[in-house]
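Okay, so here's just one chain, in structure tokens, the form predicted alone.
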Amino acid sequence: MLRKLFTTEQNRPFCHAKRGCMKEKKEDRRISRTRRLMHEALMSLIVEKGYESITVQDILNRADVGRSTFYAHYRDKHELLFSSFELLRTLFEQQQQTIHTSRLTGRDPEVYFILELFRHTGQHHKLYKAIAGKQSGEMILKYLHRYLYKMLIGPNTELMKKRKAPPVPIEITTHFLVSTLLSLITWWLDNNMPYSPEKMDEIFRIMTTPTIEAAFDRKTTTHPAGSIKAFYNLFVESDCCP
């Protein structure tokens, strides 16, 4: 009876499906480990010799993986590098969702994306020093600039839709903000992070608040001048919600 119970057609697919899931999870872990090894190899090589001089063979030697394995995951070293920026994409997407939720509820948004970016950079300083520090190369910084610009231009453009045309085109304002932010991050990393993420966020706010107010033709009096909420309130519609 027990033999019949464990060999029914109903049980077989379940067992096979379960084994299949276990195999898939094991393969996922193997893929993640391989990608991590290649990623860590690239980051360490950038710090040591600069991005431009690195070859795929250098990465293979450092990660101890085969050439076919590398090309099964990435087309070239550029794609391997740019996969690192998915960390940034996730961060900004989470922050943008929080902004959207705040507009629906009418609550003050707990969205401090510049502060969170400095915190994230500090927590992963080896990674960001490799891709944004002075040893990285102009191409990487240009990509970072373009990447952050695209992440910010969407929300800023959406923000201005129901307003009169701002004194400064939103594209120029966004370009300025991203350039300032990248310059501060690069300086911070190259000088071994002499200030806390909170202090760097404060410095950024001090430097850019007058520009944002003038470019967006908007001031906020809801929160104390110079406070974190006063700064980030500039990016949220005050009359968006009932």
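Keep in mind it's a predicted model, so treat the numbers as computed, not measured. Don't overthink the numbering: it's just position in the shown sequence, from 1.
What comes next is about the form predicted in complex with a further copy of the same chain, which is not displayed.
Inset, instruction - Could you tell me which one of 196, 44, 69, 211 places a heavy atom within 4.5 Å of a further copy of the same chain in the predicted bound form? - result: By the 4.5 Å criterion, the partner-contacting residue is 211.
Legend entry - in the predicted bound form, the residue from 56, 203, 31, 37 that sits within 4.5 Å of a further copy of the same chain by heavy atoms: Exactly one listed residue reaches within 4.5 Å, namely 203.
Inset, instruction - Using heavy atoms and a 4.5 Å cut-off, decide whether 138, 172 and 207 all contact a further copy of the same chain in the predicted bound form. - result: Yes, the whole candidate spot contacts a further copy of the same chain.
Inset, instruction - Indicate whether a further copy of the same chain has at least one heavy atom within 4.5 Å of a heavy atom of residue 142 in the predicted bound form. - result: Contact with a further copy of the same chain, yes.
Legend entry - Contact of residue 61 with a further copy of the same chain in the predicted bound form (heavy atom, 4.5 Å): Close contact is absent here: in the predicted bound form, residue 61 is far from a further copy of the same chain, nothing within 4.5 Å, heavy atoms only.
Legend entry - Partner contact for residue 184 in the predicted bound form: a further copy of the same chain, 4.5 angstroms, heavy atom: Contact check for residue 184: yes, within 4.5 Å of a further copy of the same chain in the predicted bound form.
Inset, instruction - May I ask you to state whether residue 127 is within 4.5 Å of a further copy of the same chain in the predicted bound form, using heavy atom distances? - result: No, residue 127 is distant from the partner.
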